[in-house]
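Quick heads-up: it's one chain on its own, the form predicted alone, in C-alpha cells.
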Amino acid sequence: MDDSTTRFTTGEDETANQQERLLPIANVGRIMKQILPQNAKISKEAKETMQECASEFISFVTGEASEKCKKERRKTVNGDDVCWAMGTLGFDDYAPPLKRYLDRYREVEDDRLATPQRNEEEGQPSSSAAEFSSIPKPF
C-alpha cells in the first residue's frame, strides 16, 4: 500500500470518528429552529458550528461527571453526576433547574412504573413519553 492510500484511509477514519462524536445535524437544526421566528433561515455553517459547540459541551460536562464517578469508584454516570458537573464547571444558573427537571423526570418514571402498563391492543401508549413531554423545560 502506498502513502497516498494510507493517508486517504486515515483521513476517512478521522472523519468517521468525528462524525460519531457529533450530534446529528438534523436534530441540531430542529432545536435551533424552535427558538427562531417561523420565516427565519439557518445557514449550514451556523448548524455545523452549533453542532460542534453542543457536542463539545456535552463531552466537557460528561468528562467532569465521569471524573467524579472514577473518584467514587463507580462506573455509571447518572443525572445527579451531570447536575453536579454543571455546577462545578461554573454553570451555576443551569444546575438547579436541571436538577428540578431531573427530579420531575424521576417522579414521572416512578408513576409510570407503579401504574400497570396499558394494553397495546387498545391503542394506548405504554410509555411515559406523552406525560414527560408536558413537563416544562428547565431553561
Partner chain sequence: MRQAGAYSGILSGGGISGRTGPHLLPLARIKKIMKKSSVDVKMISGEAPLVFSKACELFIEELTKRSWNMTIQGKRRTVHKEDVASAVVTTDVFDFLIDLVHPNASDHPSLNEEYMDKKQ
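Residue numbers count along the first chain shown, from 1. Because the structure is predicted, anything quoted here is derived from the model rather than measured. If you superpose the two forms and keep the largest set of C-alpha atoms that fall within 1.5 Å, you have the rigid core.
A second form of this protein, the form predicted in complex with its partner chain, is not displayed here; the remarks below concern that form.
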Under a 4.5 Å heavy atom criterion, is Glu56 part of the interface with its partner chain in the predicted complex? yes
Is the gap between Glu72 and its partner chain in the predicted complex 4.5 Å or less for some heavy atom pair? no
Since the partner is left out here, which residues of 42-58 would have a heavy atom within 4.5 Å of its partner chain in the predicted complex? Ile42, Ser43, Glu45, Ala46, Thr49, Met50, Glu52, Cys53, Ala54, Ser55, Glu56, Phe57, Ile58
Core-aligned, is the CA shift for Val77 between the shown form and the other one 2 angstroms or more? no
On a rigid core superposition, would Lys33 pass a 2 Å threshold for CA movement between the shown form and the other one? yes
